[in-house]
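Consider the single chain below, provided in structure tokens and representing the form predicted alone.
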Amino acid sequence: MSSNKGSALLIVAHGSTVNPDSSAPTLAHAAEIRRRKIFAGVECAFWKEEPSLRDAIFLFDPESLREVYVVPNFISEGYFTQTVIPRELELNGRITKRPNGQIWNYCEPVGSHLMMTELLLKRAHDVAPDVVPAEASLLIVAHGTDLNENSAVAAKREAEKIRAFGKYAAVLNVYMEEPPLVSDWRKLTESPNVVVVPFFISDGLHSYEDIPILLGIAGAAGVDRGRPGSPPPATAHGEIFRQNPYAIDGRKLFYAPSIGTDPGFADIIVEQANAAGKT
């Protein structure tokens, strides 16, 4: 990317109609990138929130902003990055020239960046800074099922890369709805310490409620989850992560926030835009 003075950045994410925390990391990363003044304009758009993906086409003035870099804030390639986003933004490939002359560059999703491995290791260390990796198992948790096949593949890829470093006693990709199940963590691991990192873009019902229940730590956190299926109460947000470590069956379990909440995602978003600018 030769210059950003006439360029804009659009970060696209899923969003949610029921969970306000879903868009929070994307908005935070956008604010950080805006603060750095790398681009002349930085905006966000969502599939399930406002501004919508279709509205995003009109967010940038074509006279002053001649190029737009679109970075999907998604863990992996899949239905949304390959079908929904291109359709809603009217993109016809990696580079799309609008009738007004504006050039839109479609970038790789954040989850495919090489820095993802580094961030996972950093998140694991941050949640358990005093734990010797050789005495711990690292679990990377994705959703699983055929509906989320690519995210499962991404989790497996990252587990294999971290496993190759030989730092942890074990590194496993586990899932909520398909084997190996995160609920089987006691059988899958033997180390005295277990570090769990959700491989999601944002914290929500999965990280606040579903995974803690599967791990058997929800009750230990003392969180009132309200009616089944309802969003967690505001007082519960983050409480599940502040109870570390959890003592279970003579072992210690450390539970981290979702990887997408790491501030380092701002760097990855910029890197993905830079990579597209060099092609």
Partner chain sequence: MRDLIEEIFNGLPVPFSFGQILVRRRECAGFVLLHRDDASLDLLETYRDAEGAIGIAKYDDAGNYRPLKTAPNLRHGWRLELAAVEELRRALDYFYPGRLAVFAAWKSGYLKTTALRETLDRQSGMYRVAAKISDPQINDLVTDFCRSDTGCLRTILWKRDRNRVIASTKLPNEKFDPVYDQGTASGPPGSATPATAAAAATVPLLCQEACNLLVAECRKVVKDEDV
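Positions refer to the first chain, counted from 1. Since the model is a prediction, treat every value here as computed from it, not as a measurement.
The same protein has a further form, the form predicted together with the partner chain, not shown here; the description that follows concerns it.
Although the partner is absent from this view, residue 61 contacts the partner chain in the model of the complex, with a non-hydrogen atom inside 4.5 angstroms.
Shown alone here, residue 245 lies farther than 4.5 Å from the partner chain in the model of the complex, counting heavy atoms only.
Not displayed here, the partner chain is approached by residue 34 to within 4.5 Å at the level of heavy atoms in the model of the complex. Among heavy atoms of residue 49, some come within 4.5 Å of the partner chain in the model of the complex.
Annotated contacts: 19, 54 and 87 all touch the partner chain in the model of the complex [non-hydrogen atom within 4.5 angstroms].
Looking at 114 to 122, 161 to 169, 87 to 95, 198 to 206, the stretch with residues near the partner chain in the model of the complex, meaning non-hydrogen atoms within 4.5 angstroms, turns out to be 87 to 95. The partner is not shown here, and in the model of the complex the stretch 122 to 140 never reaches within 4.5 angstroms of the partner chain through any heavy atom.
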